[in-house]
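The chain below stands alone and is given in structure tokens; this is the form predicted alone.
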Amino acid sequence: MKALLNTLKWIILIFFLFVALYPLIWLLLASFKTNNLELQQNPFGFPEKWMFVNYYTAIVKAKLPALFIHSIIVAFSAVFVNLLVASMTSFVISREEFKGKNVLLTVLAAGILLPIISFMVPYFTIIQKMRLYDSLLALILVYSAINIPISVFLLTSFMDSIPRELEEAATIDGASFVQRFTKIIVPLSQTGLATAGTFCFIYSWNEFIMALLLTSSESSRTLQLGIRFFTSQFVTNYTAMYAAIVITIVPSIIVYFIFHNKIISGLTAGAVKG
């Protein structure tokens, strides 16, 4: 019976692994196929001829390097702003006692559950009033703001697990409020910061709807929005578009592999406290 359950467990795990990986494998193979006709006649097989020129078309003709730079600026700047605001907010919520603290944390955490589409009109109006429409700064501010609820939730849980005795000892030695934050809490919260930052980076890198809403010109176009322009009214270069999608996936995978240990430990921080 135990062997049967063990076999069933592996069958289920392999099935879900196949479901998760197959679209990525199909996309990678499709990016090397010759044209749309081969995609239709042989959608699941290997390419008859490996067309690396599809990646050349995606990189050179579609001006992907410029879009790549825009996405890097937006993603890293959004992560910096998000972590700066979220870490200070989490520090105050975790360490200070004031009226309405739990209500504030609940309201912030509730923002995780709200659909992104509900923010479209308010953000569009605010960005227009600030005269930031069609700029990278608009995307940086919006992406960092959208991710503040999940970052505050993660960082507050992580900071709660840091012993208060460390701060009390620093206070006795004369550390100020700011020094407690910058020299004790921030260095000890690197795992939580890496977790929140990775989530913010992946969202900012892959986001499409807000980029479509808040930008209009090529000077502020990001990678995900640029892929849309592989289609036109009369023809669509699917193979080059698939090559561009593969290129855009790579940074997210690299970031995850670099920080995956910190992400797992950051998500489980506080799970055994108490």
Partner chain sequence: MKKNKNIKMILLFLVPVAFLYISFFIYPLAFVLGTSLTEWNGISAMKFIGLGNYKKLLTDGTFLLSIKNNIIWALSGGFIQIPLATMVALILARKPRGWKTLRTIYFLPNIISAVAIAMMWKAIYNPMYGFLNAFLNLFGIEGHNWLGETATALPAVIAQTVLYIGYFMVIIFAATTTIPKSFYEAAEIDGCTTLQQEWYITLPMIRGILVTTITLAMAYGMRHFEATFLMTSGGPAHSTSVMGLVLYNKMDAFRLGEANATGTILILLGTVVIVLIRKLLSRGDAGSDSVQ
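A quick note: this is a predicted structure, and the numbers were derived from the prediction, not measured. Positions refer to the first chain, counted from 1.
Another form, the form predicted in complex with the partner chain, is not on view; read the next lines as being about it.
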Residue 89: touches the partner chain in the predicted complex, heavy atom cutoff 4.5 angstroms: yes
4.5 Å heavy atom contact, residue 227 to the partner chain in the predicted complex: yes
Partner contact for residue 142 in the predicted complex: the partner chain, 4.5 angstroms, heavy atom: yes
Exercise: residue 163 in contact with the partner chain in the predicted complex, heavy atom 4.5 Å: no
Partner-facing stretch of 187 to 195, 103 to 111, 69 to 77, 153 to 161, counted where any non-hydrogen atom is within 4.5 angstroms of the partner chain in the predicted complex: 103 to 111
Joint contact, 213, 253 and 257 to the partner chain in the predicted complex, by non-hydrogen atom at 4.5 Å: yes
The partner chain in the predicted complex - contacting residues of 119 to 138, heavy atom within 4.5 Å: 119, 120, 121, 122, 123, 124, 125, 126, 127, 129, 130
